[in-house]
Structures are given as C-alpha cells and as structure tokens.
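Taking the form predicted alone, here's one chain by itself in structure tokens.
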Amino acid sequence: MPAQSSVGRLRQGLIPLAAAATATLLFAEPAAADWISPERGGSPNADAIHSLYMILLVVGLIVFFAVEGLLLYTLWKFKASRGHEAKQIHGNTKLEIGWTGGAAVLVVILAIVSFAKLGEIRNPPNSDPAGFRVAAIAEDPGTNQKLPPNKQGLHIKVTGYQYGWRYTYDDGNPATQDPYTYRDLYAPTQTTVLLSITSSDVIHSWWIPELGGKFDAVDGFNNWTWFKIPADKAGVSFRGQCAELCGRNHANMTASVKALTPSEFDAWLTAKRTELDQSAKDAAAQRAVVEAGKELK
C-alpha cells in the first residue's frame, strides 16, 4: 500500500507539470522563421537563402523517404518465417558502386546549385531608379566588403553593445556628424543598404530573418552584409534578435528595421540632422554658461 500511494502521488505531481510544459509550448512566441524554412520577402538575399534551403530540403526529403521506404520494404519482404534461418550474404559490387556513384553525383549537383545561388546572397544589386539617392562608396580591398555594380549604396554602420544596437548613417559628408539611432534602424525601400557590422564589447550577432542571414559583430572587425527592401514593404517593421549569447540580458537584445519610402526617409534623415545640429548648439551654449559661471567664482 505505501508503494502504491507514493506512485499515486508521483502521478498527481506529474500531471500539472506536464500541463504547464504544454501550455508553455503552446503560448510561447514563435521562432524567427517560417514553420519549416528561413523567412523571406524582405530582401532579395533572404529570398535566395529561402529558395536554396527549399531545394536542399526537397532533395533531402526525397533521399530520406527513398531510403526509409526501401528499408521498410526489405523488412516486410524478407521478414523471418518458420523453416528459414538467417544466411550471410556477400556484397554486390555493381550495386555498391552504383549507390556510391549516385550519392557522389547528387552531392556534386547540390554543390553546384549552392555555389550558383551564393552570388545572389553575397553580391548586392544596384538600387532602383526610384530609390533613395545614394553616393558612391570607396571599396576597401582589405575586407570582404561587396558593393553593387555601380558602387553606390546607403552605408549604415551597425554597432552592437551590451545590450542593444547603434546605427550610424554615413551621409558622405566628413564635415558633419553622421546621424544615428538606437535599436530601430530606418531604411528606404528600393535602395541597396550596405551594413558594416562591428561590436564595442563582446561578440554579438546581427540577425533580421526577413532581410538575410546572421552576421557576427566582433570588436575590432567589420562584417559586411546588405539588404534591399521592395517598394510594397514600405511601412513594415522587420523584427530581429541578437543571435549570439552575449550575457545575462541577451534575450532582451532585440532589433528592428523600419521601411520608409525614399521620400519619407529623406524627410526623416533631414529631421535627424537638424535635431543633431540643434543638440550640439544647445550643448555648446550650456557649456559656455557653465564656463562663465566658473570664471565668476
């Protein structure tokens, strides 16, 4: 009886535990991807990653079901029966050469397809004629930086820190301070946006799933990536997450890219420059007041 009561208590304790675990899974936020594949729709490189993934997935599923189907058929066809005993069967050389050669050919085909798609993922295209006006960018041959064919793109520097992101918009004018924002990156549609990604402390990872793959942010090193948001995505906010465990508040290190039309982005950037200039003037005036007070003392 004591043993039975302890088993009963154990079952009673496991039931609410199982219910809590089920509820946690049901009401948890969805992962930053489709139910079976990487996200797409926000940029051509994300679309290329998705299509390559689907090609590999379909081929993998065909191979999987072919192998498992043959296994199940073999188990059923040659199942044990009375009056028979297992025999040692030696290999079939032609069959072994055939499936080894077939697998090798399949791997080569997949490699060719992967390298063919790699250009679409790595190489940024030109901005659309209706995109935001951008200046030419000087290419640094010492990095893995990729530029559009016309060498023009909107350059934004992404800096990770514990636990957030800073975005600096390079306006091409060395005489003025570049506008910057935190957490939310604003980007024009129909425009090739080139990101240089770095860190000010530990390693982070920039990842907006609908805009492309993950890129590490490493202190003292620049990683380069790009995206180009289509015109019909204006007004959409693309959400992302740091994908590198970077400390106790890693889960709170989120990011977003807000798509604006080229005209809206132009107005927003002008307002940010004005705001920055006014802040600098206010700081200078406050500094002058403080210094004047010190002189009076």
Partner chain sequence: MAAADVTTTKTTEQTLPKVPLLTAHSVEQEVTGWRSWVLTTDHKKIGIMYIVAALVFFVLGGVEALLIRLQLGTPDNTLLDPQTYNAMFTMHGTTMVFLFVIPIMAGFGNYFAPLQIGARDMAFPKLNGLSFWFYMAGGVVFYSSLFFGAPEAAWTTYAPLSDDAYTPGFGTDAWIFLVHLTGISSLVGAVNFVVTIANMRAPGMGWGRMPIFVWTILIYSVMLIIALPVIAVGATLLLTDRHFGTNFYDVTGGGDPLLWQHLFWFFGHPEVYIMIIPGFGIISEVLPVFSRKPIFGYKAVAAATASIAFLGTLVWAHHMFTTPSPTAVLVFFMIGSFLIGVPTGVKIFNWIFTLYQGAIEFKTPLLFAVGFLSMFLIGGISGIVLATFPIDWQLHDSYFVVAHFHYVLVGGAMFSIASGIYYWYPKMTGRMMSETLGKWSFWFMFVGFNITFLIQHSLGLDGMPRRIYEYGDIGNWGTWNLISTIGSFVLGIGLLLSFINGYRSLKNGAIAGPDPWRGNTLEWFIPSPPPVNNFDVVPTVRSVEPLKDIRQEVASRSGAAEAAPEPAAH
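Residue numbers count along the first chain shown, from 1. In this text the structure is predicted, and so the values were computed from the model without any measurement.
Below, we turn to the form predicted in complex with its partner chain, even though it does not appear here.
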Worksheet item: Which pick from Arg133, His84, Lys151, Arg183 sits with a heavy atom within 4.5 Å of its partner chain in the predicted bound form?
Response: His84
Fill in: Touches its partner chain in the predicted bound form: Asp170 (any heavy atom, 4.5 Å)
no
Discussion item. Using a 4.5 angstroms cut-off on non-hydrogen atoms, would Gln241 count as touching its partner chain in the predicted bound form?
Written reply: yes
Discussion item. Check Val202 for me: does it contact its partner chain in the predicted bound form (non-hydrogen atoms, 4.5 angstroms)?
Written reply: yes
Discussion item. Given that its partner chain is not shown alongside this chain, does Trp268 nevertheless sit within 4.5 Å of it in the predicted bound form, heavy atom to heavy atom?
Written reply: no
Worksheet item: Residues in which of 125 to 133, 88 to 96, 186 to 194, 151 to 159 have heavy atoms within 4.5 Å of its partner chain in the predicted bound form?
Response: 88 to 96
Fill in: Residues within stretch 246 to 270 having a non-hydrogen atom within 4.5 Å of its partner chain in the predicted bound form
Cys246, Gly247, Arg248, Asn249, His250, Ala251, Asn252
